[in-house]
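Just the one chain here, laid out as C-alpha cells, in the form predicted on its own.
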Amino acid sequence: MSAEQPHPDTELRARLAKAEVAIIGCGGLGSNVAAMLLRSGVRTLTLVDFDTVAKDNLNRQLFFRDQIGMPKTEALADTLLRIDPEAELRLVDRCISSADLVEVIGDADVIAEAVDGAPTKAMILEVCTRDLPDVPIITVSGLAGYDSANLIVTEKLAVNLYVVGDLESDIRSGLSLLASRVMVAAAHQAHAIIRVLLDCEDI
C-alpha cells in the first residue's frame, strides 16, 4: 500500500464515526454490543437502561465488582470511556414507555433492542416499526442455554427489521444464560449494526 493511499481501516472507522446507535438495554447483550461498536469505530451511542449492576450478572455482562450498585448506564459509560475517552455517550437512566421511546432514540441511525422482558421487547418493536419505519432495528430472540453457537444466526424479518438468535431457546424454559452464547449473540448484533451502517445489502 502506497503512502498516498489511506489504510482501509481508517476509511472504515471514518464512516462508522459519523453514525449514532441507540442501545436499549445495557445488560449481557447491550453492554457487550456497546463495547464492540465503540472498538469498531462507532463513537456516538445512546445507552438506555433503568437497572443497576448486580453481582449475579457479572458472569455475562461487561461490568466489574466495584460497579455493583451503580446504574448500568453510568457503569457502562465509565467502561466505554476507558476504551475511548472521546466517545460521545448519551445516558437515559430510566424505564422507557411507548410515549417517550421515539424521543429517547433521538437521531439514532440504528436501534439495538437488547432488553430481557417480552412485553418491553414487543413494545419497542411495535413503536419503532410504526413510528420510525426508516430506522433499522436489530432485535434478539433465542440465546439461552448451551446448545451449539452455530445455531445463532442473523435474519431479515422485514424492511429495516433484523433478528439475531436461534429463535427458540428461552430462559423461561429453565435454560441458563452463559457468557459464551450471550457473547456470540452480542457479536452477531454488533456486526449486523455495522453492516447496516456500511450499507451492506446482505446483513
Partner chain sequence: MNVDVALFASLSAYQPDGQAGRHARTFDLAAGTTIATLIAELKLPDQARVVFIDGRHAEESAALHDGQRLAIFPPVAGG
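Note that the coordinates shown come from a computational prediction; the quantities given were computed from them, not determined experimentally. Residue numbers count along the first chain shown, from 1.
Here the subject shifts to the form predicted together with the partner chain, a form of this protein not shown in this document.
Contact with the partner chain in the predicted complex, defined as any heavy atom within 4.5 Å, is confined among 78 to 86, 104 to 112, 122 to 130, 91 to 99 to 122 to 130.
For the options A149, I171, M70, L58, the residue carrying a heavy atom within 4.5 angstroms of the partner chain in the predicted complex is I171. Looking at the partner chain in the predicted complex, residues L29, S141 and E155 each place a heavy atom within 4.5 Å of it. Contact annotation: L177 falls within 4.5 Å of the partner chain in the predicted complex, judged by heavy atom distances.
A residue is said to contact a partner when one of its heavy atoms sits within 4.5 Å of a partner heavy atom; V163 meets this definition for the partner chain in the predicted complex. In the predicted complex, A54 stays away from the partner chain, with no heavy atom inside 4.5 Å.
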